[in-house]
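Here's a solo chain for you in structure tokens, the form predicted on its own.
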Amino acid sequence: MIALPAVASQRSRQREATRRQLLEAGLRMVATEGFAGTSTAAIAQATGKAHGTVFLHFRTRDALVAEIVAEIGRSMSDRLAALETATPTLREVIDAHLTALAEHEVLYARVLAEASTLPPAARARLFALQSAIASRLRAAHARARTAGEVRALDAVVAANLWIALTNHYLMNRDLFAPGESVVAKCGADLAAQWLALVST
């Protein structure tokens, strides 16, 4: 009886480790093959697990896809949450966003490119991620507007312009930065253009 909690704890760790392996394999495969080219069978094979193991951890393929998008979002949100100040400037917010995009550029570009074909839960997670970024931008914009540092441009419009601009470049990486990181090549220019647009 005394050993039961330890056994349960070990099983829980093993289960979480298997789930993590499946999720990481999914992330790697989506980066190279896209969502359309990534099957649950291929993910199972990549981890050396039985195909049915995938469905012990993710009820359906759609649930797995939603979790892959959520994982990208969590990682990017963590980067934004790591801002050193509770009241970051517009520049600090967009720099943190660009850093997060650079760290997940290939995966995030895949999510954007295939967004219209993703299951509703995955699309909702993408929207939630973009809303979180927009919320931080709106708050920073409001502070900058109070300080007279930005034009009388609606904060929602300003945030949406930034998201649209970065999404456009990410979805067209092959045109703007063939064989390179579009964030590394164009990020500083995008930030300068957007800040010039919104600043007084």
Partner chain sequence: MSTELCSSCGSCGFPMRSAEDHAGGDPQCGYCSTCADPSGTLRPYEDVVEANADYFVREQGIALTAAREMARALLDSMPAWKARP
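Residue numbers count along the first chain shown, from 1. The model shown is predicted, which means the values in this text are computed figures rather than measured ones.
Below, we refer to the form predicted in complex with its partner chain, which is not included among the displayed structures.
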**OP:** With heavy atoms only and a cut-off of 4.5 Å, decide whether Ala121 touches its partner chain in the predicted complex.
**Re:** yes
Subject >> its partner chain contact in the predicted complex: His97, any heavy atom under 4.5 Å >> reply: no
Original post:
At the 4.5 Å heavy atom threshold, is Lys185 in contact with its partner chain in the predicted complex?
Top reply: no
Original post:
With a 4.5 Å heavy atom cut-off, would you call Arg173 a contact of its partner chain in the predicted complex?
Top reply: no
Original post:
Ok, Ser39, Thr47, Ser135, Thr53: which has a heavy atom sitting within 4.5 Å of its partner chain in the predicted complex?
Top reply: Ser135
Original post:
Would its partner chain be touched by all three of Glu92, Arg143 and Val198 in the predicted complex, meaning a heavy atom each within 4.5 Å?
Top reply: no
Original post:
Hey, which residues along 67-106 are within 4.5 angstroms of its partner chain in the predicted complex, non-hydrogen atoms only?
Top reply: Glu71, Ile72, Arg74, Ser75, Ser77, Asp78, Ala81, Ala82, Glu84, His104
